[in-house]
Structures are given as structure tokens and as C-alpha cells.
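The chain below stands alone, shown as C-alpha cells; this is the form predicted on its own.
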């Protein structure tokens, strides 16, 4: 299993072969065995396979072709709605309409998503996590008819890969592991940890295409700008208020 984890890749192109029903069920069942806050399972998985709904989701993910090409699209949601309904039906008044329980739901949903992705890879499928989900949560809520207490937090597309893709680079282990207590980074360690990534041919190509002197400037000025962060933050806070996770 360690070998499979180390060989994880993000696939963005898929063949026409559908994911077999029994395989998909096994993958989803693996998601339900993930660790969860208080054994409450504060998440839901919305499985999309029809071309019509995938087409509606496409603009929510910035038009990435894999959304409609992949046989299966799974939207993972933080969900206190189901648990609260059970509480009320048993005469117990829930208090889960606040930010803390949104965070608990996010953790639960992400743990389930990782289990699903890992089990899918064990079946020979390729997967890709879509970071666009939180950016357009309000639109996804409308497409998937999500009620109060439910917010989409990540999306996984999966299918049988159309060709192979290389491993993505990662920082060295010592860059992300701290022994006993957090170790502050020095200028020297920052240079050392990013040296391999900055020297990659792909990085050099990006620098030429963007006309920028280093990779950090590409992240801050092209990929994830401060202005975009503020805009998406405001949109997400509005979603949390609408879905009853942000009472202030």
C-alpha cells in the first residue's frame, strides 16, 4: 500500500470505459469507513454520472474538460443537515449551525474523500481533486440542490486513465515534518527546500511564459493573488451564512 501512496498522480484525461457499479460501490463504502468526528459522519457524497448534470457542474469548475469527460464526479460536502434532522426527530435540539461544526464537517468530508481516492486507485482508476469547489460553492449548491447545513468542500473526478502522467514534485520530507515542536525556517533552509522545485524544466518554462523572475511571483501574481483570495473569501462567508454555518 505504501507504494501506491507514493505513486499517487492526478489524472485529467479519461477513457470511455465506465466505472463498474460494484467497483464504485466498493469505493464509496471505503469512504464511509474514514475517521469521523464523534462518529457523526458530518459529510455527504453527491455522485454525478449523467452528462446533463456534469454539464451544469462544468462552469462551476472553470470549464475544466475532465468534469464532463470523467465517468464519475463526486462532490464531497460538509453536512450537518442529516445529523440535525435525526436529533430533532428524536426530540433533541441540535446546535450545529455554527462555524465550528462547519470545520468539523470539512474535516470529515476530506477524510472520506481521501479514502475514496485511495480505494479508487487500488482498483486501477485515476483520480483528480478539484480545488475549484470552494470558489463556486454557491453555484454548486444550486446545481446539486443542497439544503441548509450542507456546503460543498471538494470534488473528485475519477475514471480509467487515458494514458500515463508523471509524478508531481513534492518538497523534501524534512520541509514538512517537525520533530517535537515547530521549527522555524531559516533563509538557508527555505532555499534548500525549494531548490529542486525551482530548478525543474517545468519551472523554467513557466518563468519564460509569465515573464517573471521566480516561481513565488507566479503564485502570488498569477495563480493565487491576494485580490482573488479576498473575493473568494467573501463569497464563501456569504455561502456559510446562507447555509446556516455563520451566525454573527
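Small disclaimer: the values here were computed from a predicted structure and weren't measured. Residue numbers count along the first chain shown, from 1.
One more form of this protein, predicted together with another copy of the chain, exists but is not displayed; see below.
Annotation: in the predicted bound form, residues 34, 143 and 230 each come within 4.5 Å of another copy of the chain through at least one heavy atom. When contacts are judged by a 4.5 Å heavy atom cut-off, residue 187 counts as touching another copy of the chain in the predicted bound form.
Contact annotation for residue 181: at least one heavy atom lies within 4.5 Å of another copy of the chain in the predicted bound form. Taking non-hydrogen atoms only, residue 25 approaches another copy of the chain to within 4.5 angstroms in the predicted bound form.
Residue 212 falls outside the set of residues with a heavy atom inside 4.5 Å of another copy of the chain in the predicted bound form. In the predicted bound form, 43, 44, 45, 46, 47, 48, 49, 50, 53, 56 are the residues of 43-67 with at least one heavy atom within 4.5 Å of another copy of the chain, listed from first to last.
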